[in-house]
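Single chain ahead, written as structure tokens, the form predicted alone.
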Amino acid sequence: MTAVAITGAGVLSAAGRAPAELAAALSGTATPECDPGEPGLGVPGFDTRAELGRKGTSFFDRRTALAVVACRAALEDAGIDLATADRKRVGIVLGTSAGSVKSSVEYAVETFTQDRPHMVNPGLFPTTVMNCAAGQAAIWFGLRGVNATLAGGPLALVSVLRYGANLLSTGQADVLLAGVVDELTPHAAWLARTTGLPASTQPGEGGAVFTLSAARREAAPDAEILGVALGFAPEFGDRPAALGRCVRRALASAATVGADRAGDVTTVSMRSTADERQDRAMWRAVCRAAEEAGARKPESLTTRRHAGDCGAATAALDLAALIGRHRASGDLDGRLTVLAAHSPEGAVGAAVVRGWSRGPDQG
């Protein structure tokens, strides 16, 4: 694949609203607490009207509002002026677990509780569409480029990065707003618990949106996506090996676009699940693949303790925290991180990221 540059990041989480804040949270020891009456770790003080105003937001669900605000922050962080940009060449690609669970449940309830035959409130329907957040963000900023949503669950970020790389390499976009955002509602918290979230882990919300473009040597990116690989293994016993193969393929791709030393892999991000046995096997497979390429016992990076388990968005917050770390220290320039993911159904994937505190040509 062609290397992809990350030039900005918009972040929303219980642990902070900037990459630097997430990175600082990782170095601390405090664990955030839920607000009274809330089902988990929401974005503190987030209010749609306060963030975006009244006009055009009356039917926004929480996920849509979060996505629009994260996209705005990513554009600002990257210094992109849409007034001078070709908006037909700017697209949006968002990942999710299942869209807005609250919207879908409330609409479904209406079909049972309202008078027959067709008394369901039509205003509830738009937010049940999984692409609502991406579509509304495009409308909000006047973007007419590619617009897509990938329901990848734990694989959402890796899938978004691969999809985005393909769009950029084939000339279908010049700039992409790409990331993963999910909401926290009682409905989403219930779904997280019923699908295996450990009782000791708080559900969270938020996510991160990144500005992506084709990597160029004269640019000054925060990070570069150097390789992405996805796979599938339906049998539990085959999944660690399948994930290991994805890591090797992603590292091999990274080597073809300038990461000559796979031994520079110093960090691994992998969202844990309720199945500790599977998590341990997956972690060993990732580390073994990295060590075969020359890495030495990579560090585990996760924002889960500080931002809660944000479902599909957890990996995006991990990447944002990584960017915050690199921005703060030139000593980390050129170091590689493996973003690994696996789902209970057997999907596996990995991406290799190279971080910078400044552009690679600026030392």
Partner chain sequence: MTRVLITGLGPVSSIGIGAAAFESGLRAGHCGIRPIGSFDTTGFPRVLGGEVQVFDAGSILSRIEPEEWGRSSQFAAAAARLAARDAGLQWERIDPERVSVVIGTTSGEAKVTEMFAQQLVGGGFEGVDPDIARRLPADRLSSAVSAELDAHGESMTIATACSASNYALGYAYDLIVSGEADVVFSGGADSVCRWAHAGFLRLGAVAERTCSPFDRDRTGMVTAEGGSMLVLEKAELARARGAVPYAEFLGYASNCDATHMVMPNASSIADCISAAHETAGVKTGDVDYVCAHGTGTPANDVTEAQALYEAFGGDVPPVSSIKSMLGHTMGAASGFGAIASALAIARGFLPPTIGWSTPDPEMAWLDPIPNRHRQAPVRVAQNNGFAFGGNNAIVMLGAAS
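Positions refer to the first chain, counted from 1. Note that this is a predicted model, so its numbers are computed, not measured. Basically, rigid core = biggest C-alpha set you can superpose within 1.5 Å across the two forms.
Same protein, other form: the form predicted in complex with its partner chain, not shown, and the subject of what follows.
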- Classify residue 122 as contacting or not contacting its partner chain in the predicted bound form by the rule of any non-hydrogen atom within 4.5 angstroms, answering yes or no. yes
- Within a 4.5 Å heavy atom cut-off, is residue 131 in contact with its partner chain in the predicted bound form? yes
- Item | Contact label in the predicted bound form: residue 142 to its partner chain, heavy atom within 4.5 Å | yes
- Can any non-hydrogen atom of residue 267 be found within 4.5 angstroms of its partner chain in the predicted bound form? no
- Query: Among 207 to 215, 133 to 141, 279 to 287, 68 to 76, which stretch has residues whose heavy atoms lie within 4.5 Å of its partner chain in the predicted bound form?
  - Reply: 133 to 141
- Message: So its partner chain isn't shown here. In the predicted bound form, which residue out of 105, 197, 255, 80 has a non-hydrogen atom within 4.5 Å of it?
- Response: 105
- Using heavy atoms only and a 4.5 Å cut-off, determine which of 293, 150, 223, 226 is in contact with its partner chain in the predicted bound form. 150
- Task: Between 41 to 67 and its partner chain in the predicted bound form, list the residues on our side with a heavy atom within 4.5 Å.
- Result: none
- Please check if residue 117 moves between the shown form and the other one, taking a CA shift of 2 Å or more relative to the superposed core as movement. yes
